[in-house]
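What follows is one chain in structure tokens, specifically the form predicted alone.
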């Protein structure tokens, strides 16, 4: 304990790195411990298929919540790119292949696509009302995410919009979807943002919380492609932190922490001890509790299956819709509201979903830079598939076989909308193996320490506190020397950097 630090950060994910840079810029002496070989946590990019120069975002894949203010404050050279399409959803129209296209910005093509559906013009009008209200809410709500935590009453007064407030914060989103929309398909497209990564029903307010997090980023909720992949963000943060004097130690596992009146101590598995004034935990609250010798809090399981593919050509839709558009936005498969609810009920009972809801997008249609020039010229693309309502418990008895079963189920469902099977488009290694990488919730728990594979660390919470207690940032714990700077903080879910910023502001007395 020859050195005493102002702050020790446990875990070098993107939020921990954001906190480290803010603190170092303020002149604080910062030490970071990361248990794995590399920094980044869930926001890493990897060469998943060794024979191909393709750097895929292994876990997280799109960016919405990361505030532009943090990028500006930290002077990060990180760019996100808009996709031309918001989504494409194949369906049958009078028995023939068709699809609902929704452009990133409402246009005549989107209007026409809605009009082909029964009652589509009314659905289109309601859609614009719903997302118009959500965007106005996001514009008013987004700046508060980087400020001290308001109470419910304070935030409601700030936001106004009583009807939208009740729809988002007081009433299950499933009830609103049933009341306002008539198309099961349209309801489902909206609901996906309420259940992706979260094992919950449309009639539970947890879906409202998840929906809110997916629609409030930077005041517009647009999900963008990270240029260069998620690793580009981590590379910028790490470079900035090191340049400012932050000490980063990988392969360093913290085993327990203790606090005293004058300082805190961090103990590693090599029996070394480090002293600090404050500890910022970028790991999940359950991990923090164990490090403190306390009973871990409970939370729902992680509920997502991620499949990364490298394609040597894009598949073609039976509907004739251009693949370069359909795969550039979010492609929805088996995601009507009734299919989502049925999958939830199946998996809640411990059974595999009869119909697997999933969605996908092609990073390289917007940002080809993650591929070598040779692969770009050869027509290669990445495809990221993300299955919903696949809780960790489904994988415990046989993780690999369950992954393969669900993958086959997803491929079969996708193939119903393609001219040729997706399997015929997947690149192969020299030994004939298809370039497929699958990550279940159990894989996330084993690789990066997410309890039960929960990508949000814990159940999401609304961005306020019920009653005014004190000047709080949503990162505090029972111990004044310990703060949460990861997704387990209030306002912490997603690739946002927000809890890292807020923990740094708390420590700096802002």
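Just so it is clear, the structure is predicted and the values come from calculations on it, not from any experiment. Residue numbers count along the first chain shown, from 1.
Although it is not shown, the form predicted together with a small molecule is what the next lines describe.
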Check whether residue 54 has any heavy atom within 4.5 Å of a heavy atom of the small molecule in the predicted complex, and answer yes or no.
no
Do residue 59 and the small molecule share at least one heavy atom pair within 4.5 Å in the predicted complex?
yes
So in the predicted complex, is the small molecule close enough to residue 475 to count as touching (4.5 Å, heavy atoms)?
no
How about residue 159: is it within 4.5 Å of the small molecule in the predicted complex, going by heavy atoms?
no
Residues 142, 146 and 221 all lining the small molecule in the predicted complex, heavy atom within 4.5 Å:
no
Identify, from the list 414, 287, 100, 185, the residue with a heavy atom within 4.5 Å of the small molecule in the predicted complex.
287
Would you mind picking the one in 211, 331, 283, 202 that has a heavy atom within 4.5 Å of the small molecule in the predicted complex?
283
Partner absent here, but in the predicted complex, which of 22-30, 462-470, 442-450, 46-54 has residues with a heavy atom within 4.5 Å of the small molecule?
442-450
